[in-house]
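Just one chain is shown here, as structure tokens, and it is the form predicted alone.
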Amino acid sequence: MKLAMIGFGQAGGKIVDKFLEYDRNTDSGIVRSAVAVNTAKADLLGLEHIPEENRVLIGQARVKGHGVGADNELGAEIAEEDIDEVQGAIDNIPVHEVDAFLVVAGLGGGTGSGGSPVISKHLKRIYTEPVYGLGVLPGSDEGGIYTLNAARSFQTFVREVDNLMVFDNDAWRKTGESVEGGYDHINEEIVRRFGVLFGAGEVEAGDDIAESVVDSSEIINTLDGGGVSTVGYASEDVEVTSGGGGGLLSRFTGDDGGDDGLDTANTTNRITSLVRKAALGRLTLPCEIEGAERALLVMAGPPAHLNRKGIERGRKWLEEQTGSMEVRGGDYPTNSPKVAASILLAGVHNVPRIKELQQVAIEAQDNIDDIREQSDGNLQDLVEDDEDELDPLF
């Protein structure tokens, strides 16, 4: 799948930058073009892989390149005001070569949280290609203002995109990590999971051909219908044998024409086990998989370790667990020494984290309103003395 990625804000820019690094390391060709947009000049300077001409600084007249200070209303206003500057960078994207736009943002801050719904709405108005969002929720320990930002941004963002894929920092934090190390680890997890998903179906001359190809249309059809999506992932190291006559038949029968054949039962069991781990383990957004409207299973790995029976069993199991009749599946042959299952669950509804986020945000909003009401009175008490009132200068 060929994507035009737009990273909005600090987190969004870093994740898109990491996607470009992943692309180069794996030669997957997912990112057809990448743009980073920010109100903070320092954040744009810190990027390593996004070309400088595709880094857009907005809001210079209002915030002088220093960011919006976690004010996502200001972030949204600046994105609206400077949309032409962003469009200038998007004009350089060869849109006829992309399958979809992906707008990436952290939802807890100011620029990405406020600007990502604005640019998504703008893209949908102009282009016929789908516009997807990838939103990152802040950890619950990051503070009330970030939770409030995320809740407000989430409910706006999800309305303005064709589908919103969500990654919850809370589920992926490791205790004892430094702030920088923690975010680097999280960004790698995001890119690994979505990289396998979006990379499926890309075939070059001489590559192994999948028996059941997962191409961009399968992903688009799974995401079609809107709502919220989550991705599961599980992998296992395998031995890759070089040479031999292992072809399409060996993948399904375990018979590779005289070399060390792989036992079909073992490869089938490995695949079904990985599918269960991917769906029931840590999803990018933890939720109950029952009731997911659509699902897509991608099995990636060396051809000899993939077989049709295992993939069909995994797909059937997903149908039973989700209750959905729209479960697609296929294989993605790679040279990696791992077999990996990537599962996209689209249209999920039973998401406790979102309900909790919204509840905490409502409480934070009430507290902020109370504090603002009190602050005027407190200031009066501080600067005025009823017994000996001073005259102000003007």
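Note that the structure is predicted; figures quoted are calculated from it, not measured. The first residue of the sequence shown is number 1, and the count goes up from there.
The following text describes the form predicted together with guanosine-5'-diphosphate (GDP), which does not appear among the structures shown.
The listed set Gly232, Gly108, Gly314, Gly301 contains one residue whose heavy atoms approach guanosine-5'-diphosphate (GDP) in the predicted complex to within 4.5 Å, identified as Gly108.
With the partner omitted here, the residue from Ile119, Ile78, Ala278, Val136 that has a non-hydrogen atom within 4.5 angstroms of guanosine-5'-diphosphate (GDP) in the predicted complex is Val136. Among residues of the shown chain, Glu142 is one whose heavy atoms approach guanosine-5'-diphosphate (GDP) to within 4.5 Å in the predicted complex. Although the partner is absent here, Ile15 lies within 4.5 Å of guanosine-5'-diphosphate (GDP) in the predicted complex, judged by heavy atoms. Contact annotation for Ile190: at least one heavy atom lies within 4.5 Å of guanosine-5'-diphosphate (GDP) in the predicted complex. In the predicted complex, guanosine-5'-diphosphate (GDP) stays beyond 4.5 Å of every heavy atom belonging to Val86. Taking the partner from elsewhere, no residue among Asp224, Ile289 and Gln321 has a non-hydrogen atom within 4.5 angstroms of guanosine-5'-diphosphate (GDP) in the predicted complex.
Note that among 142-150, 268-276, 213-221, 93-101, the stretch whose heavy atoms approach guanosine-5'-diphosphate (GDP) to within 4.5 Å in the predicted complex is 142-150.
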